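Structure 1 and structure 2 below are the same protein chain in two forms, each given by itself as structure tokens.
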Structure 1
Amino acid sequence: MLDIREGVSSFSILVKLHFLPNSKRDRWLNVLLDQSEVYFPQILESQVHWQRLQAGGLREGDGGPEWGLEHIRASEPIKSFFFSPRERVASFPEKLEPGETGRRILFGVKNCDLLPLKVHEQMFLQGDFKDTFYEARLRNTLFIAADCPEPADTCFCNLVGRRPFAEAEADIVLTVLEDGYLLEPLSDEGEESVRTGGDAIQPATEFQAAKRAEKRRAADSKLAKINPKPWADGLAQRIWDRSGEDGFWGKHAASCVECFGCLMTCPTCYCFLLYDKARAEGMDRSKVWDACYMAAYARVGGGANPRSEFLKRFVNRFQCKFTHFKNAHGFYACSGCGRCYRACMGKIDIRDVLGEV
């Protein structure tokens, strides 16, 4: 194990690094598979998707899965692992409790999918009410994060105040080097998981640490070229001040076809709808994903709807993520993952919108 001081963006941390050579990778992964369900990013038809790792599918090549560790985040946000699109959450007259959840590992998750967990924490785990279903899944998940050395032109995490892995729930941070994995445990559980590799895990060298720093600098440099101009200061207030300017918002909303793709793929969106369904001797309550672009989203008793016009719902999305959440919690409800633009049929880029606010 190597202790060094390394600068990452604008902060410094004490780094404890281990190295897992490619020749011994499967030994460690088999130990993890014996203990947990393991999900990893796999490249399928040029896209990265989450897949469950099977013991017989460890090796790359020869028909094995092509891992997507050095690509951008998977197409699917990880929130569906914790916040199901549809879930039964209560019943009457009997009480419904969260069921047993087995231990699982998200192997290769990116920082832009970890930051949203901090958003959901504010919604589901803070205050007077706790979502015990969400909490149980989160508690039984180990996060092995992976560096993102090749940002895409849709990425903009550098614009939204990217936060260190240590502040974003990671248990281990992994960097892919040519001859193996560099592993940095950030939690006690992460340290324990690294130790399960036994003698397959070696002390890292200064050269390997320098290679990681070089790859991170290259990624930061590419992000700076993709997004060279930061958003204006006081963005939250600027959005609020322009809320009533229909001409400005209408120009950007003109190509929207209300497909809701941006909100369904967003890793930070947390809105849900509760509905009850009667059965023979009681009732069930279910929770489903909701989206603020839907026409009935703001409808209240009696049928009144303060946001019946789509333009008001369009503006509300920006207010929610970049004004209200920022003012309440100190950071944006956006991780800069770029999924919204990838999914948008009208190709509305929120970087353009916020760059003009």
Structure 2
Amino acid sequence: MLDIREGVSSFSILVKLHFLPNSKRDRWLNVLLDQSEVYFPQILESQVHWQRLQAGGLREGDGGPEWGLEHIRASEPIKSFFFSPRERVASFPEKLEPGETGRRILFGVKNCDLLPLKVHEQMFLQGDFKDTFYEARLRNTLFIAADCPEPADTCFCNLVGRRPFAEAEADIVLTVLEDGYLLEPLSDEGEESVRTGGDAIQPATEFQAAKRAEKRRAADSKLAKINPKPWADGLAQRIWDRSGEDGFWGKHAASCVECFGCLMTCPTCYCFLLYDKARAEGMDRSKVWDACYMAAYARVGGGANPRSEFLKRFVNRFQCKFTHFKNAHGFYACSGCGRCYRACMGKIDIRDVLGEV
């Protein structure tokens, strides 16, 4: 391991960097596969999707899966690993408790998929009542983040104050170099996991560390070109203050067809519904993803609905993510991943709304 002082002259931070040469990659992956289920970003028809890595399927190129470590985030948000779209969480009259969960490694998570974990931590784990199903899976997962050297034009993590690579929140952060991978452990479990690589993983050199810094700088400047203009200060308050301006919101919502794709694909959205299904005797209760754009979302018993008009639901989404969550927890419930824009049939770019409000 090499301790490297990284940064400009005014301040420097100590980083511990390791190097895994390409030729030894599979040795380490096999060790990981022995201990855990490993999931990796696979390129399928030019999109990235999470796939389970099979022990026999390590070979790249001919017949093997094409890895997308340097691509932007996968199409699916990683929340599905902990907070499934539909999961049985209770039953009656007999009682249900969370089952055992196996250990998992998510190999190649992007920084914009780490922020949602902080959002869900606030919603599911920090209150008086914990989502024990979520917690069991989260605590049994190792996160290996991967830098984004090529941000896409849908990416705007820089606008929410983040960078195209992880600096915390993961267990290990990985940078792809030509001849191998740089690994920086960010947690004790990360260190431990790197150690399991044995002599396949060596200390990194100054040159390799400099290479990483250079790649990261280039990625930062690409993002700065894609999104040159930061949001003006006071975004949270402006959204709240303008909530009644139907003209402004209506203009942006005009092409929405209410497919809810934006919310279903959003990594930070946490809404769910407890849905009971009758059995011959008793019931099963599922926790299913829900979306605040749905008309019945806020409807109360007897039929009254505070957000019966779509425009109110449209504004509510912005207030939830950018006003209330920010005021309560100090950061936006948006990671800048751009999935909502990608999913939108009406081509609504959330950046247009936020840049103009």
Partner chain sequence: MANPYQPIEAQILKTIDETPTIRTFVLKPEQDVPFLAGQFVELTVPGHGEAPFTPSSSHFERETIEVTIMKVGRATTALFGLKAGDSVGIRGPYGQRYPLESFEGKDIYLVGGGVGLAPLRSLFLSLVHEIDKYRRVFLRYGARTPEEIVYKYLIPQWEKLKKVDIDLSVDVGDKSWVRKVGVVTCLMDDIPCDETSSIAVVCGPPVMMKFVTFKLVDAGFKPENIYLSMETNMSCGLGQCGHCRLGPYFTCKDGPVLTWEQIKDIPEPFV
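Between two forms, the rigid core is defined as the largest C-alpha subset superposing within 1.5 Å. Residue numbering: structure 1 sequence, from 1. None of the values given here were measured: they were computed from a predicted structure.
Remark: structure 2 matches the stated condition (the form predicted in complex with the partner chain). Once you line up the core between structures 1 and 2, the Cα of Met283 ends up 2 Å or more from where it was.
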